[in-house]
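Just the one chain here, the form predicted alone, laid out as structure tokens.
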């Protein structure tokens, strides 16, 4: 069979073959392998899409090393995704510029007393072991300005802000030939980001895994397109096969930003227990909660959600809440209490039934979308 052609103006903008980007997924937990590691980035880019590195799990130095490793493995375009919190106030030794890392069990001692008391209560009642995971204090999330500068110095083809508005860096990025992408969950923010000068916008619906908003993809995308004109828009949330890709193009998008489906690949960096939870999931097998990061985040449904709800505590600001969730999740993992374990995942989990190579996922998506657009729609839809 001849190689399929599926091209939009996004392909010309980024120098890629297919309008498919793998989302720059970061880790759910401190110390976890990033959800979108180098291997996934390379696989997607080599297959004709654009792989995006989930940079939030790296230290600043590790980020530079990962970017250079991607360049060693492929000459195809790629992206880097970072989280840009508005402010970072950790308190105590966690704000030190001299301390590079600290045991997680020591870091949680900085938590407010009600949270620390609850954490100790849960660990005692469930007979959980202490975790030996180390908290790195020089991660890209803790050092966003330095991390952005690394991306500019390395001339990353596409910078993606998984959280926050990257408009402040557009001029400097453009000066070295980079494109800049932002992500939104509502039309108001779509307009604000477009006016900041970004090149591309992802409209992520409520269905999406990880940090997500309140508006469904089908309603959000047209509104975001209208608000962001003339900035091109990609769709995200609930897209995991060629049907979702074809639908996004029909809505007026230039491409798609795909997370959960690429997370559940051979190269996806999620813990195996979290990949399996996605495979085993039904369409109602995810939950949006502030339990993990302090911000609304969709993850595979598990007993940790209920545990946090019953605490009666308000979430701590991002990223402090991650100290709590990571402490418990690693303890659950070490104790093999899988009912309490669950990573980032979107509602599309319900149609994902196997772990495949990233290249196959992308090729299947293109094949199905092209078949819908060139054969199925003309056969089933009468137009005049």
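On a predicted model such as this, the values are computed, not experimentally measured, just so you know. Positions refer to the first chain, counted from 1.
Another form exists, predicted in complex with a small molecule; not displayed. Remarks below refer to it.
Residues placing heavy atoms within 4.5 Å of the small molecule in the predicted complex fall in a single listed stretch, namely 25-33, out of 25-33, 333-341, 43-51, 319-327. The single contact residue among 268, 238, 185, 166, judged by any heavy atom lying within 4.5 Å of the small molecule in the predicted complex, is 238. Scanning 348, 63, 38, 358 against the small molecule in the predicted complex with a 4.5 Å heavy atom cut-off leaves one residue, 348. Contact check for residue 231: every heavy atom lies farther than 4.5 Å from the small molecule in the predicted complex. Although the partner is absent from this view, residue 162 contacts the small molecule in the predicted complex, with a non-hydrogen atom inside 4.5 angstroms. Using a 4.5 angstroms limit between non-hydrogen atoms, residue 78 is distant from the small molecule in the predicted complex. The small molecule in the predicted complex comes within 4.5 Å of no heavy atom belonging to residue 151.
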